[in-house]
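Only one chain comes next, encoded as structure tokens, the form predicted on its own.
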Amino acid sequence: MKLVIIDYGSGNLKSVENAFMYCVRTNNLKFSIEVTDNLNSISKADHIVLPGVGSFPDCKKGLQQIDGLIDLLTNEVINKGKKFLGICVGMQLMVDYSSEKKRTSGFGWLNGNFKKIKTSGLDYIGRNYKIPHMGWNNLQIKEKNHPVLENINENEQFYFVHSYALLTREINEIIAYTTYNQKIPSIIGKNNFLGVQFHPEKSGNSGQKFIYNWLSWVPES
């Protein structure tokens, strides 16, 4: 099996690569891993990972600068049904649009849009909520039987760094939430593609369990 991590000038690529390589090596999985922006290589992948660090418009611009990449991703993921994982802004790009800096369209694979996290109210120790939502937080699992959450419980902690949260009426496309003054969808997706708002590559053992589950997951056809 071939896994491709897309290099479009945005994302902590080495951390993502190392996390996936560690999971593959530790669990004796039969995967080759390549970090690339080459369309031919991406088209030959069985699994596609899209990281994202920075603002939504900057990440979208980085993708657009690689001629044909967005169309290729849509063809490989939506039409051909290849497994896809979007991480942080990589997840955000899966939906209709984001209002960060300026309204910028996403891939439109899922319905919804991203708006800035609310800052009103106090956290559990009486501090004002700060933006970005940065640090460790747990999941409130909505789809408890989803294979990517096998052996992961609601006490486990995952690492977040983001200022925008998904607004959507399509609750069937939400797999898990996280609470930070408001309910924030933290795992979304359907069919063969998923996105996570947290960084599994920075989430220690819990992140490794998620990566293993995603690599092992066989979507329903």
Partner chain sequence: MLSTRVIPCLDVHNGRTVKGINFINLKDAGDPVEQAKKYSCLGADEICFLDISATNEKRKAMFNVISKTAELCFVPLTAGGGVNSLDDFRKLLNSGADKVSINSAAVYNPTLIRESSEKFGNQCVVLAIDAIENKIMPSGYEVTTHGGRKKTNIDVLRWAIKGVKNGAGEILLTSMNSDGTKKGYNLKLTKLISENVNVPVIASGGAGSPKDMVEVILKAGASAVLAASIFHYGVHSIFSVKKEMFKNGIKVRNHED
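Numbering follows the first chain given and starts at 1. Values in this document were obtained by computation on a predicted structure and should not be read as measured data.
Another form, the form predicted in complex with the partner chain, is not on view; read the next lines as being about it.
Student: Within 4.5 Å, heavy atoms only, which of 53, 152, 45, 174 is in contact with the partner chain in the model of the complex?
Tutor: Checking each option against the partner chain in the model of the complex, the one that comes within 4.5 Å is 53.
Student: Ok, 191, 36, 168, 179: which has a heavy atom sitting within 4.5 Å of the partner chain in the model of the complex?
Tutor: Partner contact (heavy atom, 4.5 Å) among the options: 179.
Student: Just one stretch in 69-77, 126-134, 90-98, 104-112 has heavy atoms within 4.5 Å of the partner chain in the model of the complex, so which one is it?
Tutor: Within 4.5 Å of the partner lies stretch 126-134.
Student: May I ask you to state whether residue 29 is within 4.5 Å of the partner chain in the model of the complex, using heavy atom distances?
Tutor: Flag for residue 29 set to no.
Student: So in the model of the complex, does residue 24 come within 4.5 Å of the partner chain, heavy atom to heavy atom?
Tutor: So residue 24 does not count as contacting the partner chain.
Student: Hey, in the model of the complex, is residue 213 touching the partner chain, heavy atoms inside 4.5 Å?
Tutor: Outside the cut-off, so no.
Student: Is residue 157 one of the residues lying within 4.5 Å of the partner chain in the model of the complex, judged by heavy atom distances?
Tutor: Result yes; residue 157 sits at the interface with the partner chain in the model of the complex.
Student: Which residues in 184-215 have a heavy atom within 4.5 Å of the partner chain in the model of the complex?
Tutor: Heavy-atom contacts to the partner chain in the model of the complex: 201, 202, 203, 204, 208.
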